[in-house]
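Single chain ahead, by itself, as structure tokens, in the form predicted alone.
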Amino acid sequence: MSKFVFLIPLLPFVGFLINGLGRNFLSRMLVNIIGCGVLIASFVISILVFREVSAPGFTASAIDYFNFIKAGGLDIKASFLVDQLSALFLLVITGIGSLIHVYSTAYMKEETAPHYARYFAYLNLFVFSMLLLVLGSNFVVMFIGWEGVGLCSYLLIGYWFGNASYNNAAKKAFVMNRIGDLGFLLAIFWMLSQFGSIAYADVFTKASTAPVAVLTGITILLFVGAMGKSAQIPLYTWLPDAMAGPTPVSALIHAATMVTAGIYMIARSNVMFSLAPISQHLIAIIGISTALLAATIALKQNDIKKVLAYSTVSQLGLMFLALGVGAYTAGVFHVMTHAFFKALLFLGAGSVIHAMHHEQDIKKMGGLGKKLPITHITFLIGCLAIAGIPPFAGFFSKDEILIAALGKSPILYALGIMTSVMTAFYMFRLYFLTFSGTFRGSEEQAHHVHESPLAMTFPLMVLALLSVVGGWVGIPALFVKDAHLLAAYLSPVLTSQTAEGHHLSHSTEWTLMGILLAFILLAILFSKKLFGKQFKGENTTEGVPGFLANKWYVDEIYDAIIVRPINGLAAFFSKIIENKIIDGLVNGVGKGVQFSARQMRLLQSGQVGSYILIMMVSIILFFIFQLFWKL
């Protein structure tokens, strides 16, 4: 089936063309069939490719389609790489993407037909770009997909372009991603200069003989690209603002696709990063710092989508922590489990928002558990999974990351524990304020609250099931020896310094796991006490709560030290450099020509005598000049 792998990204691209070009005359039913059908077909082909890749004796292969750039010694092919890592991401992207497309058919039903088709066209293009990113066999094809998802995120975040604040959020995401993309682009140029190629096979083969300083520079630049796309300090502030887009878009961007692109890129380049310890230390430090910062901010957010957005930033930080300590398998494992429970949580939040007529403030909710039974149960499963409660998916992947961090540094482990405990607290704060206690909304909202239609609840149930069993592919040796199926599957691709390579005894590992679980359960109980049935409000305006509610004032700091100075400099260049100097010079030339023409025009008096006099004077001057010149 690998020879048909080109159909996996091609089908969503065809869906984009049909829905995009036919948006003014296609019916909603046709838009649904095309938009969802192409993704489901890609998912089916991805399953077949995954089965082929999983078979014994499979050898990774690059499939060349045509020469993309061929000039002099430069030969860059448009080709796809089919191996264990790309096959796994194909499953996650097309699987989660299909569920989100189905969910969108009901969530976006209020849109007019042309905008409805435009929405599905954007979704299809987004998935096409993400598939291109993970399938590319060289960094240029990856970069094309990388830029494609950046463009589509701009289009989807600003989907409701009539709202200026949404447009600003889209522009913010676009600009901040361009900052990271510059680092990625410079890394590509450096690799081309150093290795003479940007194909994975060539680069990774030659990396072992390259100077450590060169590898450090290249990997840091690659990480800068990952920081932008995967929202790490200091390029993370675009992601919470990306909540301006429709909720299914938030699920698509924040669950399995765009924000995990940076994780995929580093995991794919693990050979180079393993040879650059300074880069790995930097990734681990930035990752755990981002995880901790975002977790503290999420503690005091009241917008249901903003809580989940900062949760995503925090979980991405944990994934980068795994990559930074060399636990590449653990990082990819958490990408997969996070895709399940975070897509579930976002779509569950969308179901709540749909029931509440677009209300997103959790302080105005409460008591929805009885009125939204399916949403309630599935959302609870998502919360248990992200909190790391066994046997849900998040428990296995998060525990693997923390154990790997402990093998590198007890400080990283302790900070990871703090992040995990805060995650449990703020997620169950969100759960209790939304589904427990008494309803705090308006009477009109209470009258209209109802469970979402099947097109929305079916994806919730599927994702809830995956959030329960998804972690069982990575059962640690602590429970069952040689049961980590994912590690065995990815072993040909990920040359991990091993998350499992620690030397803890089973008794010590049981103890650490028990202590962490006890802290998490205490955090959940404390959250229930504060925000359960007896919730009477909380302080979010003064002191530390106010500081956290205002997101550490990071946006304000960026505005003061970056945005305003740049705007001031731009105003100076506009008023002085451009208007006074550049325009003054250009306009001055024009005015000078006009003035000269007016003066010379005076010579044209129409009197023949004057012309003869001027001619005679000119002849005399000419002879005098010639006489003295010869002398």
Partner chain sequence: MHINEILFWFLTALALFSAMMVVFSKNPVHSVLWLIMVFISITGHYIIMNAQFLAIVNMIVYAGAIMVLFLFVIMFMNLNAESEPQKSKWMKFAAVLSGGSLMLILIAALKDNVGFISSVHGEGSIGLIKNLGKVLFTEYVVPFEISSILFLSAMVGAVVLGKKEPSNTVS
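What you see is a predicted model, and the numbers here were worked out from it, not measured in a lab. Superpose the two forms; the largest set of C-alphas matching within 1.5 Å is the rigid core. Numbering follows the first chain given and starts at 1.
There is another form of this protein, the form predicted together with the partner chain, and it is not shown here; the text below is about that form.
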Original post:
Going by a heavy atom distance of 4.5 Å, is Leu21 a contact of the partner chain in the predicted complex?
Top reply: no
Original post:
So in the predicted complex, does Phe25 come within 4.5 Å of the partner chain, heavy atom to heavy atom?
Top reply: no
**OP:** Tell me, please, which stretch of 602 to 610, 560 to 568, 45 to 53, 589 to 597 lies within 4.5 angstroms of the partner chain in the predicted complex when heavy atoms are compared?
**Re:** 602 to 610
**OP:** Counting only non-hydrogen atoms and a 4.5 Å cut-off, give the residues of 594 to 624 close to the partner chain in the predicted complex.
**Re:** Gly609, Ser610, Leu613, Met616, Ile619, Ile620, Phe623, Ile624
Original post:
Quick one: core overlaid, is Phe25 moving 2 Å or more at the Cα between this form and the one not shown?
Top reply: no
Subject >> C-alpha of Gly57 moved at least 2 Å between this form and the one not shown on rigid core >> reply: no
